[in-house]
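Listed next as structure tokens is one chain, alone, in the form predicted alone.
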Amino acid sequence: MVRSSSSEIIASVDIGTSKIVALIAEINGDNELKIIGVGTEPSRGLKKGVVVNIESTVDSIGKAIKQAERIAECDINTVFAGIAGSHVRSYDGHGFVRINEGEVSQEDIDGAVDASIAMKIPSEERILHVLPKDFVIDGQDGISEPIGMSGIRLEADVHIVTISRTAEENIVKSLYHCDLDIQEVVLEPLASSMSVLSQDEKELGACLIDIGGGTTDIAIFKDGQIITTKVIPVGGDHVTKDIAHELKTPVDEAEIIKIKHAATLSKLNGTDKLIDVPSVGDREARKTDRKVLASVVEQRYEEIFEVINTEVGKISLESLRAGVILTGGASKLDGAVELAEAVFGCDVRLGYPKPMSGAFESINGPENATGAGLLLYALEKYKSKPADLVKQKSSAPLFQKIQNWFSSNL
């Protein structure tokens, strides 16, 4: 990765169903991020977070990267990339070790975590993240930082996230065809949580709902730790298709109508308003009542929230004292927060990325939560192992680079 004389440069790529967002940032001497490059391009080649057309995906990623590089006036060759999709799976794991020399060391923690993932994972899946939830020493639970504590037996409860090897390989190939190495693949709701949630919210208990174009990603926190992650294959694109079907208008026009006029019924306040609706083919444009649009949109959002309620299962959202945080491009619907409060029965707020310097204003929206979160994830990696963050451009051929990536991540 390119170095400047006074700071490190990092980059992230949010490969979404609706759009590709490439961000470039500097890490200054105070370990703070400054946005120096932003590139956004409509995403073509993905469906529900999964690559279905390599050529189109490569073209979209390449254009977004070039935009960001022009603004940043630098070249990048290493990125942190997000991944989501219905192929994402999650499991709970439990393992234990005997504590060496009576005091918990990092080696003991690593051993307990390793033991917790000694479970049979389907061959088509790869473990992406192992996220510790809780540690237990000689029966005493609720321990988050066990290093230095005395005891005989250390147990670890972890949350394991797996992804499809095929889905990951197609993302890796797409990036490598853009001459980009991958620093790390990161689960998108995990990245978004770093950008949107405060530590207090994680401690009190919070549910992050990131509504993207093709998927809705969920991450639930309690006592500062992530306890559940889920990906639902429904998002803003489904709302657009509903509008296109109901109003009998092309999908591209339905997207424009959604952005300009969509709201829930409660937000219309009884106001009568007609909107222009382009017709299919050579037919003349029509006008329709905005209430018709609001009804269609509200039904789909209510369905999404009800599915989330079902998917969360035993976890009562009312028990999460920090409530629900909506983010993602499709979360900005006028009335979405109020509708979510009615469905979930708890406080709901709209989540924006944490402030950064530089060109931050250009990404200060819920739709950029994942891209900004990937940069913050990278920053945490840099703080712990700064030498590992920087990679030089590889001269290896594409096939060899892909082999090297998967060899190092098995």
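Worth saying up front: this structure is predicted, and the values here are computed from it rather than measured. Residue numbers here begin at 1 and follow the sequence given.
This next part talks about the form predicted in complex with a small molecule, which is not shown.
- prompt: From the list Glu184, Glu255, Glu155, Asp242, which entry has a heavy atom within 4.5 Å of the small molecule in the model of the complex?
  reply: Filtering the options by heavy-atom distance leaves Glu255.
- request: Name the residue from Leu274, Met119, Ala285, Ile259 that puts a heavy atom within 4.5 Å of the small molecule in the model of the complex.
  value: Only one listed residue qualifies here, and that residue is Ile259.
message: At 4.5 Å between heavy atoms, is Ala330 in contact with the small molecule in the model of the complex?
response: Yes, contact at 4.5 Å.
message: in the model of the complex, does Ser193 come within 4.5 Å of the small molecule, counting heavy atoms only?
response: Answer no; every heavy atom of Ser193 is more than 4.5 Å from the small molecule in the model of the complex.
query: With the cut-off set at 4.5 Å between non-hydrogen atoms, does Ile325 touch the small molecule in the model of the complex?
result: Residue-level check for Ile325: no, no contact with the small molecule.
task: Determine whether any heavy atom of Ile211 comes within 4.5 Å of a heavy atom of the small molecule in the model of the complex, and answer yes or no.
output: Ile211: yes, in contact with the small molecule in the model of the complex.
Partner-proximal stretch of 234-242, 119-127, 167-175, 74-82 relative to the small molecule in the model of the complex, 4.5 angstroms, heavy atom: This holds for exactly one stretch, 234-242.
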